[in-house]
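Next up is one chain by itself, shown in structure tokens, the form predicted alone.
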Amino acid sequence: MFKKLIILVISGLLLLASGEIQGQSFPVSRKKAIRNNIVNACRHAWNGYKTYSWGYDALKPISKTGHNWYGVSFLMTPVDAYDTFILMGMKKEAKEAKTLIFSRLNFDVDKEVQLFEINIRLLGGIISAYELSGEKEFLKLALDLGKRLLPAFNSPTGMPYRFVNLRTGKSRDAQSNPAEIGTYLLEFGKLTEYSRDSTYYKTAKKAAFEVFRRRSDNDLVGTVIDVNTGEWKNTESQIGARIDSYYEYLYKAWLLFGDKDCKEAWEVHNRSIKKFMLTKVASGWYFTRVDMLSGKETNSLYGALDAFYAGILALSGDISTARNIQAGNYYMWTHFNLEPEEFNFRNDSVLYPDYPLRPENIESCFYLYRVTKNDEYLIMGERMIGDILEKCRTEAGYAAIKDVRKLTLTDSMESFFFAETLKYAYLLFSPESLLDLRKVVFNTEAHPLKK
């Protein structure tokens, strides 16, 4: 064991313990230079979108073509990017995005959409755009979209179906998961705030707590549940894909609205997550996967989405656990060139080697830096954003990576690259006055919502 630790330190994989990060200073001029690089990257990606995919949901940065999720465009990139442009002071780009949104965005279409993605990207983005700009047209769009999403919750349990037709309200797919059921509290709470209609928040809260009340005796939830019957179809419990933002929104609903029920539910889950899933190995601390009923490990997988939990723990005040998890997050990033979507933290084998430009690792650096003021998280963030801007850049924008071990690119630049990855990176190196966490809460797509 001692020999293994020496090897890890020498190779720079335990940077937090070795002092390599802690010994570096981070002057204001260095922060400014990094912010400028991020703004230039954001402008490069937006120019690629304008040139090759104007009016589409997203740019395909290698083929230089546009991509729509549902056959028609809902302008996901302009909506997701707008508040990022505002925060970065990119007035020209913000005006271009707003003009496009007001002239073309229309939700009265006979199209079936995925409730979860439309909520976090479009509804969250539009509400945030309204709060930052004061433009009433944004609020009008948000209220219209909210009404069209409500029919999805008309299941026997009150947990929403995964897909809903925006015009007819017809919904389908009862095989859902905690994230796609419980990630509406923030956006629907804001709709209640602006419409004075309590239906929105009550609906979102009922859905989330239908999941909570079906937790096991270990206070854990599974990965797949039937919203018609309430029966668990997959009892594996974890903190990543299909569950992550359910936990996140319970805590953030407390921050945004002061909902004590949500805080208590978060605390119940968090205690059990740390009891049954927290695993300590040489490269850092990770959350493993367990059966919700027995609490026994099912798979020692960890990945890019799981990395968010260090941030939410830091935000909630558990700095000690957050620091150790972030050490594992940084190991995951540096050991494989960039972080893989999933790897086995016990033997370092990669299960899914792709990197779709995800933000969660940088997001956790942002929260940890805000609460600790420790420059080690700036060093981490500098490495991460530097890797992205160097290794993912194309002539038209930035591309996801198909295999982090080989650094091969794939033809995708999701809208969350603007909404989350670039935004968290920029805010990490910005003065706290730009966005005060005492006054705003981010939705899971990093759209800031005012307390």
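Counting begins at 1, following the sequence as shown. Just so it is clear, the model here is predicted, and its values are computed rather than measured.
Another form exists, predicted together with 1-deoxymannojirimycin (DMJ); not displayed. Remarks below refer to it.
Heavy atoms of every residue among S245, P359 and E420 are located within 4.5 Å of 1-deoxymannojirimycin (DMJ) in the predicted complex.
Heavy atoms of I120 reach within 4.5 Å of 1-deoxymannojirimycin (DMJ) in the predicted complex, making it an interface residue. Among heavy atoms of L305, some come within 4.5 Å of 1-deoxymannojirimycin (DMJ) in the predicted complex. Taking the partner from elsewhere, Y369 is found to have every heavy atom lying beyond 4.5 Å of 1-deoxymannojirimycin (DMJ) in the predicted complex. Within this chain, F276 is remote from the site of 1-deoxymannojirimycin (DMJ) in the predicted complex, having no heavy atom within 4.5 Å. The contact residue chosen from Y200, F74, F116, F343 relative to 1-deoxymannojirimycin (DMJ) in the predicted complex is F116, the criterion being a non-hydrogen atom within 4.5 angstroms. Proximity to 1-deoxymannojirimycin (DMJ) in the predicted complex, taken as a non-hydrogen atom within 4.5 angstroms, holds for one residue of F416, Y398, Y49, Y426, which is F416. Note that among 351-359, 281-289, 260-268, 211-219, the stretch whose heavy atoms approach 1-deoxymannojirimycin (DMJ) to within 4.5 Å in the predicted complex is 351-359. The partner is not shown here, but in the predicted complex the stretch 424-451 reaches within 4.5 angstroms of 1-deoxymannojirimycin (DMJ) through a heavy atom at T444, E445.
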